[in-house]
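Take a look at this single chain, the form predicted on its own, given in structure tokens.
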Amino acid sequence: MLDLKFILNNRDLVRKACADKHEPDYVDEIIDLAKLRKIYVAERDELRKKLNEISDEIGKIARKKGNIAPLKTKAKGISEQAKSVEEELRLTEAKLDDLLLRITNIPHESVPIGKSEADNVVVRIEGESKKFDFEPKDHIELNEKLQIIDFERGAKIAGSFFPLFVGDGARLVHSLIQFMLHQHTENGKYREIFPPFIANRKTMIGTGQIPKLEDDMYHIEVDDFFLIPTGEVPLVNFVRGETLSEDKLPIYMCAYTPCFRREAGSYGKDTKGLMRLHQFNKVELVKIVHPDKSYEELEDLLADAESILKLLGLRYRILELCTADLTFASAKTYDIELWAPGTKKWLEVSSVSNTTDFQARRMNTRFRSNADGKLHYVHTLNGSGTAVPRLIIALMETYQNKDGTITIPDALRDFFGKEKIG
């Protein structure tokens, strides 16, 4: 969230951020509520002052055995008035807090202004297009022979967009997860976490999924819990409410988690095969860093996510997202897209984002500076390292053979245990 004082002192900047990111603009309402709160606070304090004065006067008269009944009646009236003002103040602050949670983060000055995802900027393309001496099939056609993904039984068990991986399909999922965790942790850079896959409301507010995206979440109503939409949620909240020592920064974490998304606003988009799912697996990377280092850390995080695709020998491209395509919490984001030669599309497998202090303010996570001894908010970054389903699409389609088998890339073979599928 943004600091209230920042919003009041930078109204035009915040309005522009809302417009550039195509997010609702609550600035005027926040200004009005802040003014109203100030009025109620002044009224409450004045009434409390009067009550204290009357209380002192009642004490003096009581010690002299005088009649305090009129003053008690007056005090009761002022007390009831104060309660009414305090209730109005409580309601005003609740509305103000809710709107502050709904104001988007400010894009970094380097982020290109755009009207839609069509205005995202291709930074670079890595890897060569594989040459085939046959017409490459997409992953759905390949699966017809291989039978490593059972879409029908997955739908029978849970519903549409919940695939069931069988045999070498299950082995492929597990081996990719183990491969990615190994690469990110083997040199000790990232600390592996195995978190809960359910989060409470405070946790979801902390990373910004709630209130804006609540309709996209799977909600367990009886306990007010949520199935996590990404490993970012538990990893970032690892430090929620904590005051860290500057010497402990940076903190690097990674985790495998299943991810659950209702995708309430995405029906009809990319509905075939593994393109868009309600449950999918992902390895997530999260950094908790000093604010002076966060954009340097963003480039490093991008390189870590890329390293997986380089090792697997896949063709990919890096996009710098324009303002219109940035997420609610992000100040700057790179997307990594894999080329799927059978599908003939670029498929997003990772978003690498710097959310600056936006999540830290929601979580109240700070560090004490060695330089000035004061408390400052940390910066948080997250990136997929990477998402599994579309990685499988690109891998199947890139490494397919004419006979319909799939060759396992060299880097993955020790984890998969075989050279081919099929």
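For the two forms, the rigid core is made up of the largest set of C-alpha atoms that agree within 1.5 Å on superposition. Don't overthink the numbering: it's just position in the shown sequence, from 1. Just so it is clear, the model here is predicted, and its values are computed rather than measured.
Just so you know, the form predicted together with the RNA exists too; it's not on screen, but the next bit is about it.
In the predicted complex, none of the heavy atoms of Asp28 sits within 4.5 Å of a heavy atom of the RNA. The RNA is not shown here, but in the predicted complex it comes within 4.5 Å of a heavy atom of Gly59. By the criterion of a heavy atom within 4.5 Å, Lys76 is counted among the residues contacting the RNA in the predicted complex. Looking at Arg361, you'd find every heavy atom of it more than 4.5 angstroms from the RNA in the predicted complex. In plain terms, the part of the chain that comes close to the RNA in the predicted complex, with a heavy atom within 4.5 Å, is 39 to 47 out of 378 to 386, 39 to 47, 391 to 399, 350 to 358. Residue in contact with the RNA in the predicted complex (any heavy atom within 4.5 Å), chosen from Lys72, His182, Lys145, Arg124: Lys72.
The listed set Lys344, Lys83, Arg153, Lys189 contains one residue whose heavy atoms approach the RNA in the predicted complex to within 4.5 Å, identified as Lys83. Residues Arg366, Arg368, Leu375 are the ones in 361 to 390 with at least one heavy atom within 4.5 Å of the RNA in the predicted complex, listed in sequence order.
Superposition on the rigid core between the shown form and the other one places the CA atom of Arg368 less than 2 Å from its counterpart. Once you line up the core between the shown form and the other one, the Cα of Val85 ends up 2 Å or more from where it was.
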